[in-house]
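The chain below stands alone and is given in structure tokens; this is the form predicted on its own.
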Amino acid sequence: MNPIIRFDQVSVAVREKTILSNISFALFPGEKAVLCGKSGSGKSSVLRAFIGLHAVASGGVYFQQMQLTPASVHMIRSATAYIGQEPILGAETVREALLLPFQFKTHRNQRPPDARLVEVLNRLHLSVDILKRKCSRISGGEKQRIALARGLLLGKSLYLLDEITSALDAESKQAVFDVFSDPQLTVLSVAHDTEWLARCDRILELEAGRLVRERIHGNA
């Protein structure tokens, strides 16, 4: 089986400051991995490097054996659901935000019916009433779950998640755990939440932009 994500000796510099140094790891289809470490250790930068938001100074980033390049970055982004700590939903209301991708040619024939919207919202413990609300009036945790709902509606199977459970109550967090228990979904995440870490197959520990330890769940 080939990895879905592979970093091969990846280094990244921003404004001449090195933020990632010689990062190497592989993530296989269906695996859930978490990047952990102190603030500023480079966790979120790994996610951003995978989708081309940080330029790679040396080494290679690969998606299904295809290297990230200016020519391939659009395809890699279109195959990935990236959910940051404060997602930009790009629409005035929640309903418009959920349906936004279906306005474009690629997904125009896949627009979900209202029943499907309700089903996905229910899975994430979001009230149907939220569809009418303005995106500017919902919380950060709600924005993250709306972004996740959009990924599910699009049928995405690869998710990059940045502290997705940090702003959730216990019930909402469990709903997110249930979604990602699906063996068809591959996840590369950033988290400090011990419950989230316990559910991940692979734990990648970073210090000062370097990968210092990799643990397989259940192994020391």
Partner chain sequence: METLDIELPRMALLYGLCLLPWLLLRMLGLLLSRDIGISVLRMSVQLALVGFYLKWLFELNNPWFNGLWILVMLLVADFSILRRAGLKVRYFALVTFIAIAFSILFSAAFLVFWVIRPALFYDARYVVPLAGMILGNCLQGNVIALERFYSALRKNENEYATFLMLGATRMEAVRPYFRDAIKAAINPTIAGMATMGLVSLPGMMTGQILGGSEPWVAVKYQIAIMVCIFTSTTLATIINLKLSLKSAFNDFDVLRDEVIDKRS
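By rigid core we mean the largest C-alpha set that fits within 1.5 Å across both forms. Given the structure is predicted, the values throughout are model-derived calculations rather than measurements. Positions refer to the first chain, counted from 1.
The following text describes the form predicted together with the partner chain, which does not appear among the structures shown.
Of the listed stretches (30 to 38, 170 to 178, 184 to 192, 50 to 58), which one has a non-hydrogen atom within 4.5 Å of the partner chain in the predicted bound form? The contacting stretch is 50 to 58.
Is there a heavy atom of Gln64 no more than 4.5 Å from a heavy atom of the partner chain in the predicted bound form? Judged by the heavy-atom cut-off of 4.5 Å, Gln64 is well away from the partner chain in the predicted bound form.
Contact with the partner chain in the predicted bound form for Val73, defined as at least one heavy atom pair within 4.5 Å: yes or no? Residue-level check for Val73: yes, a contact with the partner chain.
Taking the partner chain as it sits in the predicted bound form, is Arg150 in contact with it (heavy atom to heavy atom, 4.5 Å or less)? Heavy-atom contact with the partner chain at 4.5 Å: present for Arg150.
For Thr106, is any heavy atom within 4.5 Å of the partner chain in the predicted bound form, or not? It does: once the partner chain is placed as it appears in the predicted bound form, Thr106 has a heavy atom within 4.5 Å of it.
Using a 4.5 Å cut-off on any heavy atom, which residues of 115 to 135 would contact the partner chain in the predicted bound form? None of them.
Comparing between this form and the one not shown on the rigid core, is the C-alpha shift at His107 2 Å or larger? Yes, the C-alpha position differs by at least 2 Å between this form and the one not shown.
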